[in-house]
Ligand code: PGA
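Listed next as structure tokens is one chain, alone, in the form predicted on its own.
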Amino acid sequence: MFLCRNDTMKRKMKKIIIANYKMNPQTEREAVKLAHAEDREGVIIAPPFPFLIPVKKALKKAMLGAQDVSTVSPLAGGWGAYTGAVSASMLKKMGVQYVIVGHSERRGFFNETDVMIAKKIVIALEAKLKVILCVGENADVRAQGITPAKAFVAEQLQKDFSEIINNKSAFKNIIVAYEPIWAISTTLYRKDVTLEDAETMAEYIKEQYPVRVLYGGSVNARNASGLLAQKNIDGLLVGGMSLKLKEFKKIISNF
């Protein structure tokens, strides 16, 4: 674990906005239209796998991201009898620059473990992809207070970074997205995150590792400016609102 900030993290860096389309929209035409309208410097667009190439062709300023990656290593071939899997080498050849790893929906709905996520981080980095690692506590943990929440996130990070902890240069290609599950719009009885909560956790993560930190969890046009104004929040991971063009344009107007 790194117990001090990397000097590079102290320098002023541009904010990042990630548009995670999840399993939306339902047609290539809609995806391309949406991506074209959201094409702006500092934006990373992560469409579903089938739309990666057409979205890539539509982008002039924004960067292309993928929503997940297989645990099959490019150094071990990166292909073969793995039905339904998409390898890091495939993503790289399609023009993908970033890949989301460990999203709460992958952890929750698809039972991804920290062991799997640690492996995906290594595989993505081997393929020269930049990693966006999602971490965050659930409502039960958060109800116990900020200290248990920090401990939960710290344990996630320790496990997820277990394969690269001795490779300090790897962290230059990693972004951490703090995504408290209790604040996500699809979570039952969700609650709004406070700016203090988001900033406190972002600062805590930076104290542990030399990474940029984004906030994700019901980001919208109302809270975007306040979140982006925080000292330790380097950008936003936007889910549902990235599909609503007017809302997303208001969010990115805070750049």
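Note that residue numbering begins at 1 and tracks the sequence as displayed. This is a predicted model, so every value here is computed, not measured.
Although not depicted, the form predicted together with 2-phosphoglycolic acid is the subject of the following passage.
Using a 4.5 Å cutoff between non-hydrogen atoms, Ser70 does not count as a contact of 2-phosphoglycolic acid in the predicted bound form. Although the partner is absent here, Pro47 is not a contact residue: none of its heavy atoms lies within 4.5 angstroms of 2-phosphoglycolic acid in the predicted bound form. Using a 4.5 Å cutoff between non-hydrogen atoms, Glu137 does not count as a contact of 2-phosphoglycolic acid in the predicted bound form.
With a 4.5 Å cutoff on heavy atoms, Ile184 counts as touching 2-phosphoglycolic acid in the predicted bound form.
Only one of 54-62, 198-206, 216-224, 38-46 lies within 4.5 Å of 2-phosphoglycolic acid in the predicted bound form by heavy atoms, and it is 216-224. Using a 4.5 Å cut-off on any heavy atom, the residues of 88-117 that reach 2-phosphoglycolic acid in the predicted bound form are, in sequence order, His103, Glu105.
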